[in-house]
Structure formats: structure tokens, C-alpha cells
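In the block that follows, a single chain appears as C-alpha cells, in the form predicted alone.
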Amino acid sequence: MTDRSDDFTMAYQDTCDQITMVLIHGFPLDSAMWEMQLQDLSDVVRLVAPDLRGHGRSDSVPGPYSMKMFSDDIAGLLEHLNIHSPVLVCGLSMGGYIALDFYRRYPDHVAGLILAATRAGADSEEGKTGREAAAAAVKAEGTGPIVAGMLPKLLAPGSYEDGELVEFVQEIMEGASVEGVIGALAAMRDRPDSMPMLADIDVPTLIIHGAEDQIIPVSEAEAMYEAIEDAELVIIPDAGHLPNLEQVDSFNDAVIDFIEELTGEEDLDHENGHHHH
């Protein structure tokens, strides 16, 4: 007699078929800045939040660093995690520079882009000089002064009154290594101008910017929105350069809406046998 008891079709749920979103942190931060996204978005997407080289718990590697190196690190991580279908790449500030660079180098790996508190242009000559001065200061005195100088500029004045948030951000910044900070400053200084590439971006793109960003003006977000064909722009009131931490709900709602549109469209595309050119 054959035992038929295990001859049945088993239904199961597996969240691994969710689209993956890679969260690329800003300077001089680490993946801890995405705490509220890792918490609130995990039922919508699979989230991977690396600590870039020299930041957070990643090894403190001596420089020079480049955008290409950061992009290759992320491609290597996806490979390591066996993630072969295109991912949603979300980058904030320097993370946005990396997201654009990653799209330039690995367009087939990208299903969509979220560009938060960032810009597409390269550093101005003045900007480059500023990076070099900052790197010299860090070499001489460690990261303390750069952290102290940046902290008030990172947040909208209203957010800066939230002592707990200020402390949280300060703690993250103080975790960046000297090598990481100097390496990232050089990578930002030498990054290519992504403005000319924006017209070629053919994946859905969400641009999120704090209305009170003191580091990158809202006009930079508007310029990217104009240049990218399939782009949405969300400007978040009462948020500065860290909208994902300052106005968590507004940021996460915008991301969830975008993901639902993105994955909804993808399903339709599969059914209709349609693909984007």
C-alpha cells in the first residue's frame, strides 16, 4: 500500500518574492539612520541597508574611495545575498549620489530609484575646496569638529528641538571612522556630474526632499524632477536634510505609495507580456 498522506499540494507564503529595496545612507552616517524604515516598511519590501566602507560596523578601510567603489560594493553585496532580480535603490544625500552612480554602472540591477535629499550635479570648485578643507580638518583633529558643525544643518529648526532625535543622529555620526569620512569626502569631491544622465533614466523615480533642507536646496530636487522622465516629486514640510527621520510617516507613506505603483505596474507588465524599452 502506498502512503498517500503526504501527497497533497501545500500552500505557503514566502516574502522572498518581494522586491528588495537597498537603503544607502548619507554622510557621515550609517544604516542606523534607516531604523524607522527598517521597522515600518519590512512587510512591503525586503530591505537591505549596508554600512558603506569606513562607516558604521563595516571595516574602516583606508582610502582613496570613489563612487565606483561604493557602487561595486553594493553590487557585490547583492551578489552575496543572491539577489538577482532588479532592486529598488533608495539613497539619501551621499547615498543619492551613489544611487545615481549605481544606476549608471548597473542599470539592469535597478527596478526603481528613490532619491532623497540629494542632487545630480557634481561639486562646484568651491564645493571641492570645501571637501578638501574638511578632510584636512579630520586628519588633524578627528571627526568631532565636522560632526559638531554638520549637526545643526542636518535638521529643520523644528526637528532640532527634538533632543532625542539630535542625540540619535549625533551618535550615528560619531561612529564614522576617520578613514571613512576622509574617503567619502574624496569620493564626493570627485563624483561625476549625473545631470546629463538623468534624461536616460528609464525606471520610475521618486524624489523626496525636505522643504527646510539647509544643505541641499529644494531647487535641486525640482531640477531632477524636470529632467527624469518617469519621476514623482514629494516635498515634505517641516523636514530638513533627514526627512526619513524628521517626518517618518510622510516619508514612509510616499515610499509605500511608490512601491505599490511600481510593483502593481510590474504585475500588469508580466500579464500583458509587455516590457519597458
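Numbering starts at 1 and runs along the sequence shown. Just so we're clear, the structure is a prediction, and the values are computed from it rather than from any experiment.
Here the subject shifts to the form predicted together with a small molecule, a form of this protein not shown in this document.
Tell me which of 196 to 204, 163 to 171, 76 to 84, 91 to 99 has residues with heavy atoms within 4.5 angstroms of the small molecule in the predicted bound form? The contacting stretch is 91 to 99.
Is residue 104 a contact residue for the small molecule in the predicted bound form, using a 4.5 Å heavy atom cut-off? Result no; residue 104 lies far from the small molecule in the predicted bound form.
Considering non-hydrogen atoms and a 4.5 Å limit, does the small molecule approach residue 128 in the predicted bound form? No, residue 128 is distant from the partner.
Hey, in the predicted bound form, is residue 151 touching the small molecule, heavy atoms inside 4.5 Å? Flag for residue 151 set to no.
Is the gap between residue 156 and the small molecule in the predicted bound form 4.5 Å or less for some heavy atom pair? Because no heavy atom of residue 156 falls inside 4.5 Å of the small molecule in the predicted bound form, the answer is no.
Here the chain is shown alone; which of 27, 34, 65, 225 has a heavy atom within 4.5 Å of the small molecule in the predicted bound form? The residue in contact is 27.
Considering the small molecule in the predicted bound form, which of 110, 182, 146, 188 comes within 4.5 Å of it through any heavy atom? Of the listed residues, the single hit is 188.
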